[in-house]
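Below you will find one chain, with nothing else, as structure tokens; this is the form predicted on its own, and questions on how it binds or moves follow later.
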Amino acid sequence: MIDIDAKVLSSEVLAEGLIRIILHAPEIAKDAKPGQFIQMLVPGEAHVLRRPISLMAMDAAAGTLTLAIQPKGKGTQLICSAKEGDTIRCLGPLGTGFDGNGAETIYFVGGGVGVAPVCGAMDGFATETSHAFFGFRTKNHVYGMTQAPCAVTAVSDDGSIGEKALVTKPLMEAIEAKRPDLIMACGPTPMLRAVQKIAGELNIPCQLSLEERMGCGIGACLGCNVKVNLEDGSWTYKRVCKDGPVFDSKEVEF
């Protein structure tokens, strides 16, 4: 983990409501793993807390990090307004990422902005027999499908790309045809809950990347606690920023 001034190499529209920013941050990129994130300092003195941003891609050789950011609030709007040549203070890499565990066939599941960290997982762990399943609102929200390292099936809420269906539909069809060794997923909570249910019922190992509001990003403030199950049947709290954001699906209590 290191705190540096990262240089903005490019900032452009990636899809509707989504900005892609590429940073030159070699000190972070060399240690970054799929599923991890960085904490970005919002330009201007009025915003004290940094914003947690997942890594869509990392290139240790080039020293770059690729981010997909929704400019929803004032903080992310200011970050997304950065221009080429600007610098943004970044802390990272942070959190616990995905782990391929030597799996031969992995099914990747992403929804909305959650597709971004799944793209990083695909780059790190996809094989010839792997498959990705992405869910988008409309065709205008599509990203992450070009030059993917494995086959990708996309569905949408309105049927403007792929089938009009939930992403779990093609996922289940694929599982019935070929059972994967592992599932990796990130997206809206209802989607993660559905993936967790499928994996649990079929006893398929599954890793879920959770999203939660964070303050410090390093486990000190306890602002991102989530309830998790323990093996003895009891439960406790864990920190999404430090213990996650990636958890074994059997742990997560939605």
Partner chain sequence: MADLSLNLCGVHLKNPLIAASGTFGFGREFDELYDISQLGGISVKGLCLGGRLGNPPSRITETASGMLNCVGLQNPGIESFIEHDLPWLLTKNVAVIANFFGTSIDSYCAAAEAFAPTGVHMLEMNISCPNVHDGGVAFGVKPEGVYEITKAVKAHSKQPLIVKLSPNVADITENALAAQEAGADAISLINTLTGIAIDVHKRKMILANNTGGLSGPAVKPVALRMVWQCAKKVSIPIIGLGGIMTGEDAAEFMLCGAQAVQVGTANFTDPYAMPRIARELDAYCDAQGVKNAQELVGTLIQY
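In this text the structure is predicted, and so the values were computed from the model without any measurement. Numbering follows the first chain given and starts at 1.
Same protein, other form: the form predicted together with the partner chain, not shown, and the subject of what follows.
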May I ask you to state whether residue 89 is within 4.5 Å of the partner chain in the predicted complex, using heavy atom distances?
yes
Is residue 212 a contact residue for the partner chain in the predicted complex, using a 4.5 Å heavy atom cut-off?
yes
Quick check on residue 20: any heavy atom within 4.5 Å of the partner chain in the predicted complex?
no
Residue 189 within 4.5 Å of the partner chain in the predicted complex, heavy atoms:
no
Which of 60-68, 22-30, 190-198, 213-221 sits within 4.5 Å of the partner chain in the predicted complex, heavy atom basis
213-221
Three residues, 14, 38 and 137; all within 4.5 Å of the partner chain in the predicted complex via heavy atoms?
no
Determine the residues of 217-254 with a heavy atom within 4.5 Å of the partner chain in the predicted complex and present them in sequence order; the list may be empty.
218, 219, 220, 221, 222, 223, 225, 226, 235, 236, 237, 239, 242
